[in-house]
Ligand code: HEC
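To begin, one chain is listed below as structure tokens, in the form predicted on its own.
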């Protein structure tokens, strides 16, 4: 075997150890194993780890950065402040994001999981890459209100971070690029694919649905799945789902300046929806019944309303209960209790 062939084989083995598809998919509970896995019925990720191979050292550095308030101007707010593991890395019970000096953001903090399948980030899609996404909250004046340059400076003054960056990237230099790559290694490992839905899909005999869950799945597939496409339960598109006739938040329009994008927001994944209340970009709904009532009878007409919602979604009370029963099968208790993602004591 030639040197080039040996190199290619070694490279493939390294990447396979970092992230792979597992046809049986046994979720990892071993805290020392940072391999990123997903079931074979998941699509190929949008993010390619080959440009940022995940290592234990990089993962642990990213984890420390995620939970460290050093990213904020007054060292009070971390990524983990608004993205809590028990809530699938959403902000439990908070309609809007909370930043420094108790400042309120304008939108609900989105849940963080299955991020390597995202083709855009934030409710308006203002970021296109997982390695760039943290710059938004770091620099937002009502969130962390910091500059990336000053974060790098603060990190460079810390002996512990110097050692961690050296271990992760074999360099004495702390740069914004390496900081963002480390955070991407940590957040990129947030794979949620161990819900009852997943277990039923892999082995329906061992993990059967109740009758209500079955009926709810049928309703979901006929009335909801065109936007919330399984298995990720989003299509990564931007849609106006009829919340308002006049928009106080222009949504996607703020990014594109295209009139047809007025009032459109990213279709969120419905995985872990039981845990990520309150709902919608502004957190206006506290419960799933309120969400379903909106879709069945409270759609507001406007020029950019998604055509599929012109007449709402017909749901009677029994169908709503069955649909909620199915949605709860998307709750991933193993993910929210995964020790690899917990903040260190």
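Residue numbers count along the first chain shown, from 1. Note that the structure is a prediction, hence the values are computed from the model and not measured.
The protein also exists as the form predicted in complex with this ligand; that form is not presented, and the subsequent description refers to it.
Residues within 4.5 angstroms of this ligand in the model of the complex, judged by any non-hydrogen atom, belong to 103-111 and to none of the other stretches in 207-215, 193-201, 160-168, 103-111. Heavy atoms of no residue among 178, 231 and 330 are located within 4.5 Å of this ligand in the model of the complex. Contact check for residue 291: a non-hydrogen atom falls within 4.5 Å of this ligand in the model of the complex. At the 4.5 Å threshold, heavy atoms of residue 146 stay clear of this ligand in the model of the complex, well away from it. At a distance threshold of 4.5 angstroms between non-hydrogen atoms, residue 304 is out of contact with this ligand in the model of the complex.
Within 4.5 Å of any heavy atom of this ligand in the model of the complex lies no heavy atom of residue 154.
Proximity to this ligand in the model of the complex, defined as a heavy atom within 4.5 Å, singles out one entry of 73, 79, 189, 275, which is 79. Of the residues 46, 36, 313, 60, just one reaches this ligand in the model of the complex with a heavy atom at 4.5 Å or closer; this is 313. The partner is not shown here, but in the model of the complex the stretch 54-68 reaches within 4.5 angstroms of this ligand through a heavy atom at 66 alone.
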